[in-house]
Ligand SMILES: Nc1ncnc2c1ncn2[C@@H]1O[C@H](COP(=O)(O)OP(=O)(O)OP(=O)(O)O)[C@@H](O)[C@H]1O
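Below you'll find only one chain, the form predicted alone, shown as structure tokens.
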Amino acid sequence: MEWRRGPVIGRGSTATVSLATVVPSGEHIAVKSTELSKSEFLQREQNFLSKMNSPYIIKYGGFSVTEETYNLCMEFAPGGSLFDEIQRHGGRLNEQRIKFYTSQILKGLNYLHMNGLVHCDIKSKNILIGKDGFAKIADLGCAKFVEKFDDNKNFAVSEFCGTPVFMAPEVARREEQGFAADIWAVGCTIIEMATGTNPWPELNDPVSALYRIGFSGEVPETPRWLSGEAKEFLRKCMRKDPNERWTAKELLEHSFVSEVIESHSCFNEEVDMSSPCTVLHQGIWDSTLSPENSTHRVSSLNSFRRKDSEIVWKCRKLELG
């Protein structure tokens, strides 16, 4: 199956994402590309995505390798990222929408966790909005299989990865990064949806952020305007002891999300996902990094998406002293 590369729609520290067109069907896909010599994270993501099959995880579409480039093909999500969605609604989402997207994020996480996989970098920029308007977990470049997997919630991975201000206290202390760390990050993402900022907006330095998160005993401030039900749900996500945090499965049974109807009819306004131009900022439609009309062949192809990336802090490179 062949595809033709179009404009760049996202850039990160490890890869560039382009909108591409399948030849000859004309279907849009997203192609994430990086130098072959620096493709460790992309190859890891390909390995995980190729094993996933959930409507709440971005779909895998194959890969190709040239002499200098590694390309990962994925479902194109015309709604952009959840971060984009927050900006489209004036910098914060109402509680109705927060419930809607939180339910879908948890369903995706529950699928990953049931398969023994920790995402390690849940945040709004790694959640994409598909053509159906539903949230899909993306960017599995930091994901890892757990080293311990039992019924007592004793899960850990030996290498630490992610974005500092979304990390759980035990990750900031470099003790463990298991399923419970993803749940903490869900709580951080709820705060992000409610406020338009990360849960620790006053912390700009990664070292300071990790020290405060890991050793101060503080938790992020809960948005005051949320309902009591939402605040109680948030507390289940952000318990300091990872063994006391609710699991994704348990949270899905909480009244905050258990009765969410997955239909946009529950929203007051209509959602238009018909064109990439309605949701992607013109400033990132930049194709200077890749030729517009180059054609590539991939090993497999289904249905597809786009991706926004962000600098990822690899904690194994960070010494807290």
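Numbers for residues come from their place in the sequence shown, where the first is 1. Here the structure is a predicted model, which means the values were calculated and not measured.
One more form of this protein should be noted, the form predicted in complex with this ligand, which is absent from this view; the next part is about it.
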Using the spot this ligand takes in the predicted bound form, and overlaying the site C-alphas onto this chain, is the pocket open or blocked (blocked: 3 or more ligand atoms within 2.4 Å of backbone or C-beta atoms)?
blocked
Of these, 71-79, 85-93, 224-232, 108-116, which stretch puts a heavy atom within 4.5 angstroms of this ligand in the predicted bound form?
71-79
Contact test in the predicted bound form: Arg245 vs this ligand, heavy atoms, 4.5 Å
no
Does at least one non-hydrogen atom of Glu170 fall within 4.5 angstroms of this ligand in the predicted bound form?
no
Classify Ser13 as contacting or not contacting this ligand in the predicted bound form by the rule of any non-hydrogen atom within 4.5 angstroms, answering yes or no.
yes
Spell out, yes or no, whether the shortest heavy atom distance between Val22 and this ligand in the predicted bound form is within 4.5 Å.
no
Of the residues spanning 123-141, the ones with some heavy atom within 4.5 Å of this ligand in the predicted bound form are Lys123, Lys125, Asn126, Leu128, Asp139
